[in-house]
Structure formats: structure tokens, C-alpha cells
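In the block that follows, a single chain appears as C-alpha cells, in the form predicted on its own.
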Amino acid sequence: MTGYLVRRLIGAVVVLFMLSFIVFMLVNAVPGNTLTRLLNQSPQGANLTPAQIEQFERDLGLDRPVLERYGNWLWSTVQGDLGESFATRLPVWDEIQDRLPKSIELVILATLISTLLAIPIGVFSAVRQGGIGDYASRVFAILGLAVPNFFLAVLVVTYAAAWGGVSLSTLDPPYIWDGVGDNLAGMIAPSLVLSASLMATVMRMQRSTVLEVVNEDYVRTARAKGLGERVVILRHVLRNSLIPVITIFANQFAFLISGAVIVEFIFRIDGIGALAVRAIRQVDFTLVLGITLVVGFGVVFINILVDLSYAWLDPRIRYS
């Protein structure tokens, strides 16, 4: 197990390095830079002389070669410093830290909703194969996969305002420790929207894996021993059908985070997604890199946890 963990951690470091390098090059390939974007947005930008603009570029280090700037950033990051935002001159980690809790809460709520609803419905759909509940759940799953998150978010915001007189895009929920009720009131709608596609994917996979496992020899043996159907499903079928479902969940986690960017933007949640949109608009590559590194670390960490959970779900799996 220790050797496996070491190899996975080394692989995670390589993945994060490659991710940061690719994102850095893509951001710097965009025409213009942070300074030109800020000057275009400022009325005083047109009054600056070329010499003053060059001086500002030297102060920000934008006059240096791309690889040199990346090397300086990488060295600072290895030492625990993500640098400063070019747009606000604030430490990148401070900007991320202020907005990260809302994004984490949104992703956790969406994950809980999709897991608590999709797995039982998927099991029920498989056990009652061909019934009304099975057809209804399959239709819901297809709709969840077919309707994009951004379109569903716009529909929810529009109909909530038209029918309920509630402007979900201006609720501005506080942090959960500042008020649980007000926080959940503002976060439940975006969480449901974000969980829709993940819920549909998990539901379909859970149904398929239960249909496969329910015909295995050990399940027939459990029934032959006289165990009740509920015990057979919960103890033998469900646990052995979760490995493919968890694998799908790990693969979908990155898409869940990317969907959170759009959902945060539509619902006006001041999370890391809204911060990423602002950083990209301003070509603020230090902030973009900081956000990418934090999100990438989250995705890699979740995948490692999922891989380790296989041994708990199936004792036959061993890591060496």
C-alpha cells in the first residue's frame, strides 16, 4: 500500500506540473496581457505614454520571456507562494481562500444530493425492471444528461423570478458558519442544478451494475440460503455494484467542478468559479494558475481516494 501511495503521489505531482505548464502557455497565447486589459477598462489608460506602459510592464515582469516567467512562478510555488494577482496586487492564495469555501460547499451539496438520490433510485429501477418506476427514472436520467447545466440554471432563475417572485441570482448567500438557514436557502437551487447531470449519470450506471450483479452466483447462493430480498440487495448486490459507480463519479468530478463555474456565474455566487472568469477576462495568469493548481489538486486527490476505496468495497483487491 505504501509503495502504491508513493507512486500515485509522484504521478500527481507530474500531472499538476503538466497542467500548470499547459495552462500558462494557453493564457499567454491570448492576445494582449493583464496590463493592456486593465488599461482598456480604465478611462486613464488612453492618457498613458508608451514609455509609461513599458515601465509598468517591467514592474509586472511582463517584458520577460514566457519560459522565464513560468520558471519564476514555478520556483515561488514550490516554496509555497502562489504570487500576486496582477489585477488587484493581492496575494493569489488570499483571493482563492476567500472564495473557496462557497465553491467547496456547492460541490459537496451537489455530490450529496446526486449520491443520496441517484443510488437508491438506480437500485430501485434495476430491482423493478420494466415497471413504471423504472421507465420514469430512465426518462429522468436521459433528460438530466440531455439538458446542459447552464440551460437548466437559466430556466430555474427565470421561472423562480416569474412564478415565485424570487431573484435567485441576487440572493448572495452568506458563508454557512454565518447563518445556516440563509446559506442553504441561497445554495440549494444551484446545488440541485449542478447535481442534475451527475445524478443522471450515477443513476444509469447504478441500474446497469445492479442488473449485472444480481445474476451472479453468490447472489443466487444468498437467496438459496433463505436470506430476505432486502438483505440480499443491501448486503450482497449494492456493495459489489458500487465500484463502477464510484469510478464514474471520480471521472465526472472534474466536469462537476467545471459546471460549478457556470452555475456560480449565473446564480451570482462569489466563489472560485466567478473568480476564474474574472481572471481569464483580465489575462491575470498568476491568478489563473493559482486557481488551476487548487482545482487540479482537488481532482487528483478525489481520484486517489476513489482508488483506495476499491479495497474497502472489494476485499479481493490488493495494492502493491
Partner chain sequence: MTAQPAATLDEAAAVPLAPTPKWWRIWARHARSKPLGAIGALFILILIVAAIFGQDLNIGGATIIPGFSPFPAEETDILNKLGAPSWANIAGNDSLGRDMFSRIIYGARPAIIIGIVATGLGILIGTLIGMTSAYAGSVTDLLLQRLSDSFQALPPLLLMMTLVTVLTPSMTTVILVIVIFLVPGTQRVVRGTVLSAMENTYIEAARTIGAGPIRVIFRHILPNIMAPILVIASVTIGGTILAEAALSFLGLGANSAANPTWGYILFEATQRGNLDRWPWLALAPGLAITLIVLSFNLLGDALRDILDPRLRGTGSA
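Numbering follows the first chain given and starts at 1. Here the structure is a predicted model, which is why all the values come from computation and not from measurement.
Beyond what is shown, the protein has a form predicted together with its partner chain; the following relates to that form.
Considering its partner chain in the predicted complex, the lone stretch of 157-165, 184-192, 71-79, 110-118 in range is 157-165 [heavy atom distance within 4.5 Å]. When its partner chain is considered in the predicted complex, residue 26 lines it closely, a heavy atom lying within 4.5 Å. In the predicted complex, at least one heavy atom of residue 145 sits within 4.5 Å of its partner chain. Although the partner is absent from this view, residue 207 contacts its partner chain in the predicted complex, with a non-hydrogen atom inside 4.5 angstroms. Under a 4.5 angstroms non-hydrogen atom cutoff, its partner chain in the predicted complex lacks residue 269 among its neighbouring residues.
Among 219, 176, 87, 211, the residue placing a heavy atom within 4.5 Å of its partner chain in the predicted complex is 211.
Although its partner chain is omitted here, in the predicted complex all of 262, 265 and 288 have a heavy atom within 4.5 Å of it.
Taking a 4.5 Å heavy atom cutoff to its partner chain in the predicted complex, the contacting residues in 257-282 are 257, 258, 261, 262, 265, 266, 276, 277, 280, 281.
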